[in-house]
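The data below hold one chain only, encoded as structure tokens and taken in the form predicted alone.
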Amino acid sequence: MTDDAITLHPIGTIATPFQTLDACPRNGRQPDPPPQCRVRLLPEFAQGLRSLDGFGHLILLYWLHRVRAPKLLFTPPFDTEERGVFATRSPARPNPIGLSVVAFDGFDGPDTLLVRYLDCLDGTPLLDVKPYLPSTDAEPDARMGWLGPHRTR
């Protein structure tokens, strides 16, 4: 490792109906139907949204600002075996960066995106927005490791 510091600056804020960690869904596909959320960019980044119209889904990267202390090993709530954090989607990570593929429902003004399938708290800092490209982002043959259908304990 080097001594170079990595500095991240939020480009906006995410508005969701989830006010507490307990209320926040474990993944964005819950609850059903998913609530519509708003992603508002800071004014200086709004021009970067140009040409997003027409995309059906986006990738959002965000900072899990209210995450608990990182844990390298823990037992997921739906499992009985201890797992390493990098083999899970736990938010309690050394760098609490969240990632969601969201449905993009359009714009609410020049700086606000309307999206569904988010799993973060209201007020979460937004780090980046990328278009989801099914031709390169989807891996239909990907294996699911310990979460797969043929897992052994």
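What you are looking at is a predicted structure, and each value in this text was computed from that prediction instead of being measured. Numbers follow the displayed sequence, beginning with 1.
The same protein has a further form, the form predicted in complex with ligand SAM, not shown here; the description that follows concerns it.
Student: Give a yes/no on whether Arg38 approaches ligand SAM to within 4.5 Å in the predicted bound form, heavy atoms considered.
Tutor: Looking in the predicted bound form, residue contacts with ligand SAM do not include Arg38, since no heavy atom lies within 4.5 Å.
Student: Is there a non-hydrogen atom of Leu42 within 4.5 angstroms of a non-hydrogen atom of ligand SAM in the predicted bound form?
Tutor: Although ligand SAM is absent here, Leu42 would stay clear of it in the predicted bound form, with no heavy atoms inside 4.5 Å.
Student: With a cut-off of 4.5 Å between heavy atoms, is Pro131 one of the residues that contacts ligand SAM in the predicted bound form?
Tutor: No, Pro131 stays farther than 4.5 Å from ligand SAM in the predicted bound form.
Student: Would Leu21 count as touching ligand SAM in the predicted bound form under a 4.5 Å heavy atom rule?
Tutor: Residue-level check for Leu21: yes, a contact with ligand SAM.
Student: Using a 4.5 Å cut-off on heavy atoms, what residues in 106-123 are near ligand SAM in the predicted bound form?
Tutor: Going through 106-123 in order - heavy atoms within 4.5 Å of ligand SAM in the predicted bound form - the hits are Asp119, Cys120, Leu121.
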